[in-house]
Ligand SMILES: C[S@@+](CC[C@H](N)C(=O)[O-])C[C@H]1O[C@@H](n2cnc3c(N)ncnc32)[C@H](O)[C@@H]1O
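Shown below, as structure tokens, is a lone chain in the form predicted alone; questions about how it binds or moves come after it.
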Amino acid sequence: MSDDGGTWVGQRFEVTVGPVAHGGHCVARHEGRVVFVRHALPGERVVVAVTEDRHPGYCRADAVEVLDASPDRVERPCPAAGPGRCGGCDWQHVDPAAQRRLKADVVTEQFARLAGMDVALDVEELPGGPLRWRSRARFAVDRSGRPGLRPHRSRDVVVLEDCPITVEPAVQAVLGRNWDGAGAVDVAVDSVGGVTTTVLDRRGHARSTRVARPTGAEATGSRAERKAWHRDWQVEGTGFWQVHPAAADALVGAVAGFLGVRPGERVLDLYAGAGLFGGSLAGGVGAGGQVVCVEADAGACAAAADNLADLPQAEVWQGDVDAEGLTGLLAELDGPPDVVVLDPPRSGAGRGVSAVLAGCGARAVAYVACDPASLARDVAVFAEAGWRLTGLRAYDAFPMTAHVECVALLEPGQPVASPERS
């Protein structure tokens, strides 16, 4: 709400757009208030329509008319994108190279603001281009059974016949069909063309799952087949796996390059999912090393156990990754981990887990993050304990959206001597 208690919702006015901000919008000002503007670019002069006004200090708005356009503005490839339309993408109006520059600016700003660190990086492009990369998606379903996606910060459903950032087999499996009685449909397409669809009720509970595999593909129950880092992996149907087909290889490559694991070392893989990072690092530690993968989800743990069955140095532990649980887990290990890799959810590992890891005796921690704000906050906790940010890479694993995937390397301020092995 504005200072006088009135609301600006529905009002239109002209602004000059300022810098990009975390979350898919840019910052402008009007009559002393901050305006978070979507569908704009830094430096543009636009007319905005206010869509939300709940706080005295700021409001949210859409750019509905462009008066002076940025040279980075392009025609949107999706007709459903734009003000008041589908909210699945943030940057359809931006040249892909400029999207990566905006994401780099966001990462830099988050580290400066939340961790007090100056970082410089480029967001690296992944193969395949900016469209048809999303291999897993959740489509909302309206009361008539028609699938689509929701507008930004809305519970409405924009009915879609296509989603240009989603791979075609997923689009064909869900869109253009009627899903009467469903609340949403999850769909995932694996590395061999198998399509898994899970129908959810309006409370978000799974109602049914269907797996369609290409002719000749080996049946593996409800699991999807994935390929990464010279190995085959099984993942629970629509369960977690990197959405971009090239992301898993890129992220494992960054983690492996940062950590440089050595024969005989102990690796702790937290939020391990199906075992991607731990399993990929196992060869580096060899038969004399140890890899412990920790994951809370029972289905993911079962998949990880199968994925790592040929690696006697690797084991899977089921449990929550929180400060108390992690402290107990570290006490159960035969010795401190040499290196740690963690890939937490968007909310990050948090202060408690970060503080425990900073004191665990590891020589290095590789932190994989899909949210730069959460990453920066957790890196600040490591810094408080004397650790240094010694490496940072970022990948455009979500083209057309504001999301960016980062890998950070953290090392203690003083070298940690490797414990002697018996």
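In this text, residue numbers run from 1 along the sequence as written. All values derive from a computational prediction rather than experimental measurement.
The same protein also has a form predicted in complex with this ligand, omitted here; what follows describes it.
Residue contact with this ligand in the model of the complex: residue 91 places no heavy atom within 4.5 Å of it. Contact annotation for residue 179: none of its heavy atoms lies within 4.5 Å of this ligand in the model of the complex. Although the partner is absent here, residue 95 is not a contact residue: none of its heavy atoms lies within 4.5 angstroms of this ligand in the model of the complex.
When contacts are judged by a 4.5 Å heavy atom cut-off, residue 297 counts as touching this ligand in the model of the complex.
Out of the listed residues 271, 111, 258, 133, 271 is the one that sits within 4.5 Å of this ligand in the model of the complex by at least one heavy atom. 321 is the sole member of 184, 211, 246, 321 with a non-hydrogen atom within 4.5 Å of this ligand in the model of the complex. From the list 119-127, 259-267, 198-206, 338-346, the contact stretch for this ligand in the model of the complex under a 4.5 Å heavy atom rule is 338-346.
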